[in-house]
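This document opens with one chain alone, in structure tokens, the form predicted on its own.
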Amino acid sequence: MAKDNILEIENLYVEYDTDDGVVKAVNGVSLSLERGETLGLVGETGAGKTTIARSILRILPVPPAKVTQGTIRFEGQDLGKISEAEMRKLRGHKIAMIFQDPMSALNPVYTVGSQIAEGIELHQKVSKAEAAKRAGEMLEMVGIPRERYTDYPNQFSGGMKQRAVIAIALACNPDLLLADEPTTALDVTIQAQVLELMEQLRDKLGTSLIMITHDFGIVARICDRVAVVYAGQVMEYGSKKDIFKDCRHPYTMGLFNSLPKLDKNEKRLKTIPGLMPNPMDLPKGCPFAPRCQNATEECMKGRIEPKEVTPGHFVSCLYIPERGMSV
């Protein structure tokens, strides 16, 4: 493991064994994250981004999910080889996750404050009173009055539930934070506050962050590196500058072309033709080939390994243009 990497994922494969067939959700993903760095995972719904994050925390639903291949190392420790008891000590303490759906992340029969305090009391070994005090501070940090400590989740709006879930994840100042669409349910003002809070946590405490999002605006603001994920594979991987100023993969270009241009009077947005392939019946070669205008028969023959086009910038494509697209 590299000296400055807090997380390394190598050749990860995850499948879901369903009644209809085997869903190949993650297919050979390799990523690394430096301490204090923010990595953005972007791509269409169903690309496998959330499955990657849940694999790190070992909270995949088993069955039907199973990691069939690959290793995940956190601070040099292989998370696939430690016991469930050891993993529980890491969850919420060293590694925390902001879940996309606050409705299912919060327990309806416990007060919001007690759910924040639970992790603090468990991992930081403090008294109930001290845990409650810190939980109140966390509520205020995400913009919720301390007086709402004794309220239940059903008394919160959707945006407030999302902020409460963020407070739970940040309560123990984790070394690694996995954020799965953390600002989806928030208005733009609270969204900006939440992003600022994450930036402060990263800058003050050196917290490493994996940000799962569809919003390139969030990626541009908070991420250092970006992985573009499609059908369970990383299509393009590099620094934020590489992706925004020199993107080379047709899928990445298609995503950027579909964004509205404020300086142009466009009547229709450009879309990527076709749909993401069925994860139970993936193409033998490049999964994007059926939708790619540049695809040839060679693209369909076998897995396409990433090529390093510039230092740290990897593209999984047979026909990489010499000059990339700039956003």
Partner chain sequence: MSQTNQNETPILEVQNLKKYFNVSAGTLHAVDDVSFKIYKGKTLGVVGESGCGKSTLGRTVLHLLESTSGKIFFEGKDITKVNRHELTQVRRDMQFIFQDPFSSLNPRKTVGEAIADPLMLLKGEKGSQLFEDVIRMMDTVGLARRLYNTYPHELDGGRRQRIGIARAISVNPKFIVCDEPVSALDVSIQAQVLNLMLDLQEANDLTYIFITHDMSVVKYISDDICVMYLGQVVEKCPSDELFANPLHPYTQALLSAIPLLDIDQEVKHEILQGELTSPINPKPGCRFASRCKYATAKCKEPQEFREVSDGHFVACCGVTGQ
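Values in this document were obtained by computation on a predicted structure and should not be read as measured data. We call the rigid core whatever largest set of C-alpha positions still superposes within 1.5 Å between the two forms. Positions refer to the first chain, counted from 1.
This next part talks about the form predicted together with the partner chain, which is not shown.
Proximity to the partner chain in the predicted complex, defined as a heavy atom within 4.5 Å, singles out one entry of Pro145, Gly217, Pro108, Gly76, which is Gly217. Contact annotation: of the candidates Asn154, Thr189, Ser83, Thr150, the single residue with a non-hydrogen atom within 4.5 angstroms of the partner chain in the predicted complex is Thr189. Partner contacts here mean any heavy atom within 4.5 Å of the partner chain in the predicted complex, and among 298-306, 28-36, 61-69, 267-275 they occur only in 267-275. Residues Ser127, Arg202 and Lys204 are none of them found to lie within 4.5 Å of the partner chain in the predicted complex, as judged by heavy atom distances. Using a 4.5 angstroms limit between non-hydrogen atoms, Pro102 is distant from the partner chain in the predicted complex. Mapping the unseen interface onto this chain, Gln193 counts among the residues with a heavy atom inside 4.5 Å of the partner chain in the predicted complex. The closest heavy atom approach of Arg221 to the partner chain in the predicted complex falls within 4.5 Å. Proximity of Lys284 to the partner chain in the predicted complex falls outside the 4.5 Å heavy atom cutoff. Residues of 140-168 lying near the partner chain in the predicted complex, listed in sequence order, are Ser157, Gly159, Met160, the criterion being any heavy atom within 4.5 Å. The two forms, fitted on the rigid core, differ between this form and the one not shown by less than 2 Å at the CA of Arg73. With the core superposed, Gly159 shows a C-alpha displacement of at least 2 Å between this form and the one not shown. Relative to the superposed rigid core, the position of the CA of Gln200 differs between this form and the one not shown by 2 Å or more.
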